[in-house]
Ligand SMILES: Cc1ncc(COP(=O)(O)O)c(C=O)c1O
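Only one chain is shown below, in structure tokens, and it's the form predicted on its own.
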């Protein structure tokens, strides 16, 4: 019984609409599903504009370009996240300023943001992590007071709510991912959302080689140095079906969380994702914080002989070669502790009580040195 770290939920609904897109989504209908997705997704999040792109990383890059962030500028970002939250900052020549996280949400700490704002700060990237949401109302106020942009990376928390407001509806720009591991998926893909028409149009221009026939009246004329970040009609069709099932998918994630909570409550020295006040979490990934010193790579590797794909927690980005900053990494103490002593539990849509019971038993035996 192989238990992968993640697996999607694919039904006849997805297969049917993708078949239609493959058969008929060409010529005059070459962007039919892309437009339909943009309309449906904008409505779901509660924003005016949605630009589908090939990856969420592209969306972050486009956001920075559209906001004119460049060499010499600084962008504040949490030190604990997937590396794609920070990499595009370097793409545009700006400097990432890594900030510590809140121990309850694992998202960026608003109070720590205040201490890092300088004359060079142009934006804050707040990452809604693992189905949790940052204190984005506070972050938005901080950004507004200091005249800096607020970029909300909601890739991991689609469908979550903070104070009844949807994740991805707080920022000047918000970003989402439809990678195969996410709440809803298209294999790959992402999007940029905003209520600002100028930001949307600029991001759209950058996303397709700087070409806009409506603007210039010319085919193939590039007005600026752009990128090829277009998404496909077929992938958009797939994620439309997933979006229509999102309540069912989030319900499943909540069921899995409650099973993990039941079985892991019996294990010493471990604490899994907590419920957070004023939030409706999606529990995209349930993480386990271990209350004793471990080597997370060696710990996860021990699960392989039981056919369980256990993944380590994200690393501090400030410790990676491309971003290395010893001063920042050592000062971000909560990010350091969480990164070193935490793992991500399997989160696929193929989980059930039998599998979660097995995971918990093996986890206990490895962590507390009992025979499996």
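Nothing here was measured: the structure is a model prediction, and the numbers come from that model. Numbering follows the first chain given and starts at 1.
Not on display, but discussed next: the form predicted together with the named molecule.
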{"property": "4.5 Å heavy atom contact, residue 56 and the named molecule in the predicted complex", "result": "yes"}
{"property": "4.5 Å heavy atom contact, residue 85 and the named molecule in the predicted complex", "result": "yes"}
{"property": "Residue 112, heavy atom within 4.5 angstroms of the named molecule in the predicted complex", "result": "no"}
{"property": "Exercise: residue 79 in contact with the named molecule in the predicted complex, heavy atom 4.5 Å", "result": "no"}
{"property": "Full three-residue contact with the named molecule in the predicted complex, heavy atom 4.5 Å, for 74, 121 and 143", "result": "no"}
{"property": "Listed residue that, although the named molecule is not shown, lies within 4.5 Å of it in the predicted complex (heavy atoms), from 335, 51, 317, 60", "result": "60"}
{"property": "Residue (of 179, 230, 195, 222) lying close to the named molecule in the predicted complex, criterion heavy atoms within 4.5 Å", "result": "179"}
{"property": "Options 198-206, 261-269, 179-187, 232-240; stretch whose heavy atom lies within 4.5 Å of the named molecule in the predicted complex", "result": "179-187"}
{"property": "In the predicted complex: members of 141-174 within 4.5 Å of the named molecule, any heavy atom", "result": "153, 155, 156"}
